[in-house]
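In structure tokens, the next block holds one chain alone, the form predicted alone.
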Amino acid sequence: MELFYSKEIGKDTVLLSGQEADHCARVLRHKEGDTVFIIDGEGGLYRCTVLSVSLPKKGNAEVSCRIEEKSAGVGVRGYRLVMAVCPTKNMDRYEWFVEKATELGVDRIVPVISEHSIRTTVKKERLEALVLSATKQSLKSCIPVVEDAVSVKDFLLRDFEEGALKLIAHCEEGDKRTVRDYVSASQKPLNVVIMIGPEGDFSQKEIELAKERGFLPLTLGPSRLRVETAALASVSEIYFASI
């Protein structure tokens, strides 16, 4: 099943425009009378019939569809997950994480900039495009939110939801537990926030602030993991814990 995404959803009709319409009409060659499936990015899945296809010589196509059936809450998971991950020096690695985390299941991705970060900027539009593609590929109807980059300090000073399980992975010595340990001792449904630092780890000041803000120390095992590997391992633990 091929999924398309639209923000232009009315009571009885849906309009595909831009790249979504081009992919539908020009690449997949859908025509009037065809059945297509469209998501709204918030849990809604629409089975539609193509009413008309506009294919101008210049500019994007437009595909108008009639809604035949709507399903709500499609692909909704039994947990909420926010991943606050420092961008990697090689942006390809961060984009790989974003794509795979979306496939497994994540609600928000927050690029956080540490005092030790080498990369301090990200292209949000590029990450949003990757998230949309991965959402459709993995047959999900909820699109994760990609936030603007923010400093570690500003992220930690946010007002987090009451009862959220807040974890931070760092290299400092001390008593730490695994994601699985924390999850098994937590109430359901899960509401988790996980922070993963840069190649040079979080600064001591950032780690101390995290402790003050109620973040618990997280271990991902004895292996030294790259940033994107540590982040995806964390997402995977939450994903499999919910099955």
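All residue numbers are counted from 1 along the displayed sequence. As the structure is a prediction and not an experimental result, all values here were calculated from the model.
Absent from the display: the form predicted together with another copy of the chain. The rest refers to it.
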Contact check in the model of the complex: Leu220, Ser223 and Ile243 versus another copy of the chain, with a cutoff of 4.5 Å between any heavy atoms. Do all three pass?
yes
Which residue among Val145, Ile118, Leu139, Cys171 has a heavy atom within 4.5 angstroms of another copy of the chain in the model of the complex?
Leu139
Taking another copy of the chain in the model of the complex as the reference, which of Val74, Leu165, Leu104, Ala149 has a non-hydrogen atom within 4.5 Å?
Leu104
Go through 44-52, 28-36, 201-209, 177-185 and give me the stretch that gets within 4.5 Å of another copy of the chain in the model of the complex, heavy atoms only.
177-185
So in the model of the complex, does Tyr5 come within 4.5 Å of another copy of the chain, heavy atom to heavy atom?
no
Although the partner isn't part of this model, could you tell me whether Asp22 comes within 4.5 Å of another copy of the chain in the model of the complex, counting any heavy atom of the residue?
no
Report yes if any heavy atom of Leu16 sits within 4.5 Å of a heavy atom of another copy of the chain in the model of the complex; otherwise report no.
no
Consider Lys100 of the chain shown here, and say whether it contacts another copy of the chain in the model of the complex, taking contact as heavy atoms within 4.5 Å.
yes
In the model of the complex, residues of 73-99 near another copy of the chain [heavy atom within 4.5 Å]:
Asp92, Arg93, Trp96, Glu99
